[in-house]
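Given as structure tokens, the chain that follows is alone and in the form predicted on its own.
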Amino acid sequence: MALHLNDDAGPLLAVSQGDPAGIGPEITLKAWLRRDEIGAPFLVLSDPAHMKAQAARLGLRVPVQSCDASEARAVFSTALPVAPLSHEATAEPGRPDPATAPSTIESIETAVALVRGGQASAVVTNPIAKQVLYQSGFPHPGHTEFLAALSAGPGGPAPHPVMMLWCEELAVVPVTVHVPLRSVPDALTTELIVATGRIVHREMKARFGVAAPRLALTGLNPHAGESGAMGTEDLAVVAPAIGDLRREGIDAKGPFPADTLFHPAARQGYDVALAMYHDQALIPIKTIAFDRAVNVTLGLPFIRTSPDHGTAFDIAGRGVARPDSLIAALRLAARLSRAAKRAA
């Protein structure tokens, strides 16, 4: 599956800093050095002093300029625009510190506020470390749930976010996400599969421009349960969900054995694969596009993309982190923003 959106100019992307002790600062600096590949300016929500210190530490010739969203486009060609936060980012690379959690949280909140206020077109998030945030009292299960909470209106319900991993060759969605494997069968319900399928169908049409999205659903069990011989969930849970989606006019098929769904010939038969648990979805896309895959959150009222990797504390500050996934996330955010503008 290849999606080719036009690359005309326009959007400003709001980039959250992620955990300042991780590789987020390094890949952001390196992404600016390769800015001609992105085709859109971006504004980083971070501590300018921290970004300058990391550029000097890594020997990267990146001028850092403090500015706000209204100035970012003019600054971007000659310097990395960084919008200061009220909290400093003091963590050393590779040494996560709960004291920096307020700056990480504020960065995400500010990025969302800029997009919701019309000052930026999309949110691109650098990786966070949930355990660091938890130590500071962060109440949300993860990054995506926090973004969903920020999307809710005053007193209103948060939207149902759906994680999609995307590259030009493959798009995959795990129906259950960060759930222990032994808990997946209990967490997987027909209602959850249907709700996820609806959002994927809607967003593939609205954001990606696929007129009639084709959804392929994996089975939960080996061989998709082999008619109940290897578990009943595929007959009792997955198949009814596919039937419900089809009755709503959604082109959903399956359940298919996961081990035969991701080779090149099979991929030609669908636009998005819905997998029943985390590794079913992430193993194939990371095998195909480890440095190019992008995490896209569907179901939010704004565009959000992210690199498909973590904070990598073990290599932070060593100068070896590759910015490819962040660059891919920035490029996709820009492309989706332009598509949204044309559709408005």
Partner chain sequence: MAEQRDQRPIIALAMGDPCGISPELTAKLLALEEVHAAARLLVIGDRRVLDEGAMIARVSLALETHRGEGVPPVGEKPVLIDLGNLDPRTVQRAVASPEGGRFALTNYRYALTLARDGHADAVCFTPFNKHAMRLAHPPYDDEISFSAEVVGLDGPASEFNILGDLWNARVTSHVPLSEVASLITRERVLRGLKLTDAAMRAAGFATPRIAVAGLNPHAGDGGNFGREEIDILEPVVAEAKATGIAADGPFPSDTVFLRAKSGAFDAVLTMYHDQGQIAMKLMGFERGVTLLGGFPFPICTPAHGTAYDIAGKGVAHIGATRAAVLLAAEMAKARRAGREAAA
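Positions refer to the first chain, counted from 1. Quantities reported herein were computed from a predicted structural model and do not represent experimental measurements.
Note that the form predicted in complex with the partner chain isn't included here; everything after this is about it.
With the partner chain left out of view, the stretch that reaches within 4.5 Å of it through heavy atoms in the predicted bound form is, among 87-95, 73-81, 130-138, 208-216, 130-138. Distance criterion of 4.5 Å from any heavy atom to the partner chain in the predicted bound form singles out 180 from the list 118, 157, 243, 180.
The partner is absent here, but in the predicted bound form a heavy atom of 278, alone among 292, 35, 52, 278, sits within 4.5 Å of the partner chain. Interface membership of residue 286, defined by any non-hydrogen atom within 4.5 Å of the partner chain in the predicted bound form, is confirmed. Residue 191 falls outside the set of residues with a heavy atom inside 4.5 Å of the partner chain in the predicted bound form. When the partner chain is considered in the predicted bound form, residue 221 lines it closely, a heavy atom lying within 4.5 Å. Interface residue remark: residue 106 is not counted as part of the site for the partner chain in the predicted bound form, having no heavy atom within 4.5 Å. Using a 4.5 Å cut-off to the partner chain in the predicted bound form, not one of 30, 47 and 102 places a heavy atom inside that distance. Counting a residue when any of its non-hydrogen atoms is within 4.5 Å of the partner chain in the predicted bound form, the hits in 183-218 run 184, 185.
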